[in-house]
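Next comes just one chain, in structure tokens: the form predicted on its own.
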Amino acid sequence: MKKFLCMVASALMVISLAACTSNKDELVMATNAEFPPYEYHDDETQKIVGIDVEICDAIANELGRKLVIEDMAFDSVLTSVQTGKADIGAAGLTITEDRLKNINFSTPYATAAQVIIVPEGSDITTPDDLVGKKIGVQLGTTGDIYAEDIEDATLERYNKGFEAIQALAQGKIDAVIIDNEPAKVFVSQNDGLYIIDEAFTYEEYAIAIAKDNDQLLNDVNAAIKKLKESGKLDEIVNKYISADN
């Protein structure tokens, strides 16, 4: 019996060590690759690219790990990090009080705005004009969360941002609330749509990390600080977002 228990203990130790090695060698990033220019599928290479991808790859390099990307529905990203299926979440994630109850966030690495896209000829010119309108949002995003406070509005939730844009172009909804940079891309691809001048909200993007993983949080924050100080972070952002946009 003692010999059997020793064998079981040894097997468990091997499994444990293998898991630790895997965790140490790889940095698993949960994302939703439908959010250009932060993460999206490159048509030529079929790879997932973007601002978040390059920032997280740079962080992984700082930590001596290999970045592994797991693409999933946006509303599964935080859950994946919470349950340990991914080490970090990066998908244009905004820090909110509600999210902080269940997840930790790194120091912010970018600022953003939620904006309103409407068709030409729309009577929506400010956020106040959204009252009573039918509004498209991407499920689980801050646009979804904040739009719930619009008086008498009807929210149409979509799994992907471009699905909301398609609905808007087809006249099924009155407006779409989405992050500024993806909004620019979507508008450039769809004639007859434009972004109104006044932003809906302003916010900050950060990397999601599980509540019990303080070491990784500290390591990621240190890496972000180094990337900011070296100018590498700005270099990555500027590669995808020109100053005159």
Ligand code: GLN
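Just so it is clear, the structure is predicted and the values come from calculations on it, not from any experiment. A residue's number is simply how far along the shown sequence it sits, counting from 1.
The next section is about a form of this same protein that is not shown, the form predicted in complex with this ligand.
Report task. Could you tell me which of 117 to 125, 167 to 175, 149 to 157, 86 to 94 sits within 4.5 Å of this ligand in the model of the complex, going by non-hydrogen atoms? Result -> Looking at the other structure, the answer is 86 to 94.
Query raised in the report: Going by a heavy atom distance of 4.5 Å, is Gln138 a contact of this ligand in the model of the complex?
Result: Yes, contact at 4.5 Å.
Query raised in the report: Do Arg99 and this ligand share at least one heavy atom pair within 4.5 Å in the model of the complex?
Result: Output for Arg99 is yes: heavy atoms within 4.5 Å of this ligand.
Query raised in the report: Is there a heavy atom of Glu203 lying 4.5 Å or less from a heavy atom of this ligand in the model of the complex?
Result: So Glu203 counts as contacting this ligand.
Report task. Answer for Asp179 alone: is it within 4.5 Å of this ligand in the model of the complex, judged on heavy atom distances? Result -> Yes - in the model of the complex, heavy atoms of Asp179 and this ligand come within 4.5 Å of each other.
Query - Residues of stretch 36 to 75 in contact with this ligand in the model of the complex (4.5 Å, non-hydrogen atom) - result: Stretch hits: a single one, Phe74.
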